[in-house]
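Quick setup: one chain, the form predicted alone, written in structure tokens, and binding and motion questions come after.
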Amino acid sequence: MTVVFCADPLAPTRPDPHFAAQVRAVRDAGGAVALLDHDALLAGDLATAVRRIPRDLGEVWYRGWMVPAGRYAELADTLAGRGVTLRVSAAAYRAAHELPGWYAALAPVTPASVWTPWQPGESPSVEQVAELVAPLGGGPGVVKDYVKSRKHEWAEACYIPDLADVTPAHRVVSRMVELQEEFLQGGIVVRRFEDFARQGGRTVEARVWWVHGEPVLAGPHPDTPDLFREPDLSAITPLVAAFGHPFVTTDVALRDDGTWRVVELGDGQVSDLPTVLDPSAVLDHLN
């Protein structure tokens, strides 16, 4: 296998130190490594971004920092012109990276959600928020963009105490859009809030790594590397397999009623791997 990693911004001939253990795991398994200039990619300078990726490498995986779906498509096209094919196509990446792409496949095991495309910097009206959240009825909810939430500004820009109370719902949604600034990805998502089990004040959750529809590793979430409980994946596995993506992660949490729920699905190429785990447990499956 060949894996394209992000280069160190301060020393672009070396891998980013964040991925050093993963680079060693690929090389120890006999794989090859190439380097991508992530900053140049985000700036739209594709020629600089791929200059250290040799031509005619054939099929490659990407392991690195998050990339907006549009930029990923540009990367895929640029690499294709150099005889290099990303193992995850641009369409598959968008489907896994943005909630609207995966929600239908996992609807039975994830909180009810609604969404609308949105432009960064454009504040929604009260009427627009009311129309968006109406299908969810009343009760608490959370707001995010297609990829990320502002969970660290929980009361200000994430949690909505009652979706039927439109004025405070509008305030939270508008604040999320404002804080995301030009980094708002795709649009606005509102999800029904579910009560999850907690341990020491933290949600009981896990990150599961899937390669070709099979769970190859379940471990802690990177935000809580010291907190892990083995999840029951019996209801989730057939849905992820049917989704048909070659490499994804699911962040799952234990609901108060004892049911494991999918909080987020993401493309495995840009999901963070906790340092407490052996990267070969995932990367050895990328053949």
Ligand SMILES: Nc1ncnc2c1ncn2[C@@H]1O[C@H](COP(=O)(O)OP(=O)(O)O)[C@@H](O)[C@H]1O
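Fair warning: this is a prediction, and the values are worked out from it, not measured in the lab. So that there is no doubt, residue numbering starts at 1 and follows the sequence shown.
One more form of this protein should be noted, the form predicted in complex with this ligand, which is absent from this view; the next part is about it.
Only one listed stretch (68-76, 190-198, 126-134, 161-169) carries heavy atoms within 4.5 Å of this ligand in the predicted complex, and that stretch is 190-198.
Contact check at 4.5 Å (heavy atoms) against this ligand in the predicted complex: none of E214, T249 and N287 pass.
The single contact residue among V23, L277, V270, V263, judged by any heavy atom lying within 4.5 Å of this ligand in the predicted complex, is V263. Contact annotation for S149: at least one heavy atom lies within 4.5 Å of this ligand in the predicted complex. Proximity of W154 to this ligand in the predicted complex falls within the 4.5 Å heavy atom cutoff. Although the partner is absent here, R87 lies well away from this ligand in the predicted complex, with no heavy atom inside 4.5 Å.
Although the partner is absent from this view, E205 contacts this ligand in the predicted complex, with a non-hydrogen atom inside 4.5 angstroms. Residues of 125-145 that come within 4.5 Å of this ligand in the predicted complex, judged by any heavy atom, are V142, K144 in sequence order.
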